[in-house]
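The form predicted alone is given below as one chain in structure tokens.
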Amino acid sequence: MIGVMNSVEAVITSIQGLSASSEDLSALHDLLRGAQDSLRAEPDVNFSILDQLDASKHSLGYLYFLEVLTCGPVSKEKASYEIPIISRFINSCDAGQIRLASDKFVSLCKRLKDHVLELRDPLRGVGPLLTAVQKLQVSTKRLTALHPDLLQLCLQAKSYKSGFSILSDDIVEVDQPKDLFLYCYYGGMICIGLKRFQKALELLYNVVTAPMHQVNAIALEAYKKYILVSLIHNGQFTNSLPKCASTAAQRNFKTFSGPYIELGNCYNDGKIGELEVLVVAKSGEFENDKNLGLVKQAVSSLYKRNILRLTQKYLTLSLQDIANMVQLGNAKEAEMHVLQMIQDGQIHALINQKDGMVRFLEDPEQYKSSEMIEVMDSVIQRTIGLSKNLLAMDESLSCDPLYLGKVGRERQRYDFGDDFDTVPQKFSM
């Protein structure tokens, strides 16, 4: 049988005849696994063979051939030719069939990512990879190996909304820790790009507090951004890490994040002049981390924080008084900051253009409108759902003899070694 399977024609015939039922697909998968080495060595295997197969009906066999045909070094010519072929397959393939060989499907999709990056056209890969994630996922609760690659392309293409579309799912199932680190790190940056700082903090928090027995570069970069986003969104910085952070994080993060710790402490003092001097002095390090833009947003947020403090002390103030108290250049700058804060819902105020006076108002939200009740109900339902998932997972694990036997030997899963020393990609924010 193996001798017969070594011929390309026999493989094609088997694919065409064994792609209908689950039993046939199981047998076909065994045959393809046995024939893949001979297919790689077969000189007659070329892209024209794919014309004999239907990507939607013969997805498993099509995937095996496509994986063989697209392997090898990446070049611009190769990328230009193969991107449309891989993209069409992803869009038309059968989800059930490609999940039988999920490792090959992931490998093919990662090759597509490499191709679009080779051509410096990351946007071209966003749509296909989004489709690939949806087809590979058995459940929206499960993190796939393609989630980080999709988010990376979204960042490079500045297609933040496409990336954000997969961040609303509550992930509770993870195969590889590194995928979770990258998913949350890149996801946090997507949210920063959209100025959804609360969600960004949530994702970066997941990286900072994830289990680790030695500090890795992804977690360290996430901690730096966590500090900056905390300043922008919360208007404050705390020196202590969350209690649930690992011992390795507690011991090492501050050592490798000196300029950011200094920035946070200076921010807490509320002195804008000193903060700006510090930013200039450390600008080289912030620029090297590609965080200078985020640092400047943090500096700008200190003006807003100081204006917010004024609303707690005064009912009315002139724009010039606000400019003087928060160290802005003039009344016009103060007006711009106040208007932006009103638009963002950070304060409630009225500006009298005739005399340049600002009157601060109480929050008009009474938290009893139908819209607010819907929001609160949505949050409550989500929390209840998460609680049920966690209880079910806890019960399952506490009774699983395999887990109980392995729990003492799992340390190495989080010891990433040399291949985890650098963050694959940094982006200016």
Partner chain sequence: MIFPEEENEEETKREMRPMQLDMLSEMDDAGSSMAMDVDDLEAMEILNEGGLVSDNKLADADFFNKFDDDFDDTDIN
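Numbering follows the first chain given and starts at 1. Given the structure is predicted, the values throughout are model-derived calculations rather than measurements.
We do not show the form predicted in complex with its partner chain, though everything after this point is about it.
Q: Among Ala27, Leu361, Ala41, Ala392, which has at least one heavy atom within 4.5 Å of its partner chain in the model of the complex?
A: By the 4.5 Å heavy-atom cutoff, the listed residue in contact is Leu361.
Q: Here the chain is shown alone; which of Lys161, Lys76, Arg120, Arg251 has a heavy atom within 4.5 Å of its partner chain in the model of the complex?
A: By the 4.5 Å heavy-atom cutoff, the listed residue in contact is Arg251.
Q: Residue-level contact is defined here as any heavy atom of the residue lying within 4.5 Å of its partner chain in the model of the complex; does Ser168 satisfy this criterion?
A: Looking in the model of the complex, residue contacts with its partner chain do not include Ser168, since no heavy atom lies within 4.5 Å.
Q: Taking any heavy atom pair closer than or equal to 4.5 Å as contact, tell me whether Lys141 reaches its partner chain in the model of the complex.
A: Looking in the model of the complex, residue contacts with its partner chain do not include Lys141, since no heavy atom lies within 4.5 Å.
Q: With the cut-off set at 4.5 Å between non-hydrogen atoms, does Ser87 touch its partner chain in the model of the complex?
A: Contact check for Ser87: no, nothing within 4.5 Å of its partner chain in the model of the complex.
Q: In the model of the complex, does Tyr81 have a heavy atom within 4.5 Å of its partner chain?
A: Outside the cut-off, so no.
Q: Spell it out for me: taking its partner chain in the model of the complex, does every residue among Arg111, Lys199 and Tyr223 have a heavy atom no farther than 4.5 Å from it?
A: Per the other structure, none of Arg111, Lys199 and Tyr223 touch its partner chain.
Q: Picking from 259-267, 102-110, 129-137, 241-249, which part of the chain touches its partner chain in the model of the complex when contact means heavy atoms within 4.5 Å?
A: In short, 241-249.
Q: Any residue of 282-296 with a heavy atom within 4.5 Å of its partner chain in the model of the complex counts; write them all down in order.
A: Those in contact are Lys290, Asn291, Leu292, Gly293, Leu294, Lys296.
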